[in-house]
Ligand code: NAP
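Starting off, we have a lone chain in the form predicted on its own, written out as structure tokens.
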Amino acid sequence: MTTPNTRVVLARRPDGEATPDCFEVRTELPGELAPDQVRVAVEYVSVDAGTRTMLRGEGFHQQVGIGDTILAGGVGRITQSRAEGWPVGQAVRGGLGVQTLADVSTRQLEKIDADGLPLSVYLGALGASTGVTAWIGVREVARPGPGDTFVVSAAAGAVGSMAGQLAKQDGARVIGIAGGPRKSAYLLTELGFDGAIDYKHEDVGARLRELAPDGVNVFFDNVGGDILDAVLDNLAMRARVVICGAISQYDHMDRVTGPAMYLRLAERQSKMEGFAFFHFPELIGPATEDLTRQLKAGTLVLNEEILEGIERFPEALQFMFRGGNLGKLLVKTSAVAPPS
């Protein structure tokens, strides 16, 4: 008996927030595999802020058409194969989409040697858009050092929490900006940050002046908007501002609000630089090796929040944009994979 595929498709383009009614869940029988294709039972799907920018119909990232499966990274195991060297049971990672079964070319996939780590880690701490992004952003772009005050926004999220830990390893004093007392406590007690600012209940600028009276040397920004302005207004001389993301802007990309305080860059002889992990292909391997070593040694941690059921992906995306998740947000499917 052929196992059906359940997938989440785009029903209409969001106007503002991507609410669950913008999506539709469909269950269909899969077709025949083409040569060089494999069928993957998807076990985990990554929930990323960048997904919102793919729902517009135009933009920097690849776009999702109406009625098409939502694009997302995933991990799983091969259940059928028409590709030499890609056996049933092989763990893989790639652009599998928000679905329980993915028929894909092996050119879209990367083999995973799980090596004792859960598959979910390959979307989180070892994921290109998560751990690898944080590693490259800190080690290559921001380059904090001893004595630096390093501030990171969305600090309790997947990238932010990894970036803050890496900056601590490099000798910086780390302050995280996150929403709510639960996240602030997590930064201080679980991750060992030196300070935390709850942007939902505290004045970010005032708290920065208290926690960083000599100014911010490095800012790793994942949010943009008012938080970026508050930090720009508190820069030290010759500071570095690294733009990794801008989740506060993704619901209205045609009306992006730029920094009102950008002149602080000139006044304080500071620089701002944006990046994405794929701008540094030569560093993906070294980043992955170091992150893997640290995960096994326990010197880096990344909390995972997992929602069960592929049909909950729209809910998970909304949960992320409302600031709910702590660490990496994933959806676990109900797909049954073959034994490893």
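Residue positions are given as counts along the sequence shown, with the first one as 1. Quick caveat, the model's predicted, so the values are computed rather than measured.
Only in words, not in the display: the form predicted in complex with the named molecule, which the text now covers.
In the predicted complex, no heavy atom of Pro14 sits within 4.5 Å of the named molecule.
Taking the partner from elsewhere, Met272 is found to have every heavy atom lying beyond 4.5 Å of the named molecule in the predicted complex. In the predicted complex, Gly245 approaches the named molecule with a heavy atom inside 4.5 Å. Mapping the unseen interface onto this chain, Val331 falls outside it, with no heavy atom inside 4.5 Å of the named molecule in the predicted complex. Each of Ser129, Gly179 and Phe321 is positioned with at least one heavy atom within 4.5 Å of the named molecule in the predicted complex.
The listed set Val75, Ala154, Ala125, Ala142 contains one residue whose heavy atoms approach the named molecule in the predicted complex to within 4.5 Å, identified as Ala154. Among the residues Thr149, Ser120, Thr133, Thr106, the one placing a heavy atom within 4.5 Å of the named molecule in the predicted complex is Thr133. Segments offered: 94-102, 110-118, 256-264, 217-225. Contacting the named molecule in the predicted complex at heavy atom distances within 4.5 Å is 217-225. Heavy atoms closer than or equal to 4.5 Å to the named molecule in the predicted complex belong, across 262-282, to the residues Phe275, Ala276, Phe277, ordered by sequence position.
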